[in-house]
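In structure tokens, one chain follows: the form predicted alone.
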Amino acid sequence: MGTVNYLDALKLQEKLVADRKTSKIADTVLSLQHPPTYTLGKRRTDHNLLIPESELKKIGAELCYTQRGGDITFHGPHQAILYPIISLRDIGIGARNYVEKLELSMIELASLYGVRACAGQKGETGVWVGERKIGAIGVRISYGITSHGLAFNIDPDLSYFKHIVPCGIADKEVTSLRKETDSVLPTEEVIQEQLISCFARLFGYSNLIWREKGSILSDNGENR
């Protein structure tokens, strides 16, 4: 979908969630990027924004409030973002297993470029390379239907993370695939497609229908 304003993407997610609840659509994944945006989860941990909100325009960013889980995070250009709109009941997994598979999707993507990433320790969400965070997760689940999702750092401007306590975890660095690998990276579109492929394999989707606008309808072979 290219670069999409955060609130526009949020509205699209809400529509897709409503359609998925009534089985108007199959499981769907949005693959996109955002302009510089800080987002807060439903816990409203504003204290982890380290810059006055009035200063955000000066650095070219905005702040959005959401109903997802997790703490404050940053979304911006050169991140691979996936927003799965899927029925956990239909694929037979619970919330914890869902988050673990999102983590594994990013771990497998990193491994394609020789980067050894892993899930965080207790209380540390997302995916890490040593003590450096490379991927964030924040999800919402309503009546078994997921929204929001993951953000994997390909090569974002990491200076934006200096203005927050990323995901509420202090004294930890944020990193990117560009910083961690010696490999020559392909285009970001290729990397985003690789992330979708990792996601699809881990969740057992055998068929992908690619839409022109970048949303992907995924079918794991069951009739819905």
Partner chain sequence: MASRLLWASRAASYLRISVFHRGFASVVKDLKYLDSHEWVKVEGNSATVGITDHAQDHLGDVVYVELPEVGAPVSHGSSFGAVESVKATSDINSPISGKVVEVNEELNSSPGLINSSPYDKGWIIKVEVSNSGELNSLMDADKSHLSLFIHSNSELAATPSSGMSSYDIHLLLTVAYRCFIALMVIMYIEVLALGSMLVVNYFIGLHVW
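Quick caveat: nothing in here was measured; it's all calculated off a predicted structure. Residue numbers count along the first chain shown, from 1.
One more form of this protein, predicted in complex with its partner chain, exists but is not displayed; see below.
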Stretch from 186-194, 152-160, 171-179, 62-70 whose residues place a heavy atom within 4.5 Å of its partner chain in the predicted complex | 62-70
Please run the contact check for Gly92 against its partner chain in the predicted complex: heavy atoms, 4.5 angstroms, yes or no?
-> yes
Examine Met106 and determine whether its closest non-hydrogen atom to its partner chain in the predicted complex is within 4.5 angstroms.
-> no
Using the partner position in the predicted complex, report whether Ile137 sits within 4.5 Å of its partner chain, counting heavy atoms only.
-> yes
Ser142: heavy atom within 4.5 Å of its partner chain in the predicted complex?
-> yes
Please state whether all three residues Lys42, Val99 and Lys122 have a non-hydrogen atom within 4.5 angstroms of its partner chain in the predicted complex.
-> yes
